[in-house]
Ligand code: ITT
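Here you get one chain, nothing else, as structure tokens; it is the form predicted on its own.
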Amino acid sequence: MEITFITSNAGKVREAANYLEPLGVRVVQRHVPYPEIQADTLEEVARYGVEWLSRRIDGNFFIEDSGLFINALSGFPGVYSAYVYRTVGLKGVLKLMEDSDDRRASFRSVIAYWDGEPHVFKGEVRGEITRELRGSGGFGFDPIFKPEGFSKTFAEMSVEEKNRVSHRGAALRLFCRWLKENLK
């Protein structure tokens, strides 16, 4: 079986393939820009995106949206994480946090799969925002996010180590469980 992953991020595709290929599912990357609505939750953004794409793409496919939710900033940047990363950057986020002792944060991921109707799978990992950039691996906010129970940021972890504990990994595990139960 083949499922298309609509994304421009090859790293996300490799991560998804690690989970799906053992099920006999080949992941094919395709970049199709789609509107990301302003909404309060990642679920709303992903559901809108997959429904919009369903009118333009044949076959089964999925998208993934993720965000960094910082407690001291009332969940910001949340659904605006990609925009904040592009405009303010990591140093900007650290600047916003410089006077805060509350470093708690969570990374959340939502996978929306289309097979004639939307199916949504959510993953989350809790952790904290570091006080400085740490590590050179990963992408996005990885150099400033340290998951609970670890001394390293995502950017300091190997790809395998990060994938085992990441928010996207959690969502992918739920997606895989659903696929096993529903694809006969």
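Quick note: we count residues from 1 along the sequence shown, nothing fancier. Note that the coordinates shown come from a computational prediction; the quantities given were computed from them, not determined experimentally.
The same protein has a further form, the form predicted in complex with this ligand, not shown here; the description that follows concerns it.
Contact with this ligand in the predicted complex, defined as a heavy atom within 4.5 Å, is made by none of S54, I57 and H119. Residues placing heavy atoms within 4.5 Å of this ligand in the predicted complex fall in a single listed stretch, namely 29 to 37, out of 126 to 134, 46 to 54, 29 to 37, 111 to 119. Taking the partner from the other structure, this ligand in the predicted complex has a heavy atom within 4.5 Å of a heavy atom of N9. Taking the partner from the other structure, this ligand in the predicted complex has a heavy atom within 4.5 Å of a heavy atom of D142. Though the partner is left out of this view, L96 does not reach within 4.5 Å of this ligand in the predicted complex, counting heavy atoms only. Among residues of the shown chain, S106 is not one whose heavy atoms approach this ligand to within 4.5 Å in the predicted complex. Residues of 147 to 167 lying near this ligand in the predicted complex, listed in sequence order, are K162, H167, the criterion being any heavy atom within 4.5 Å.
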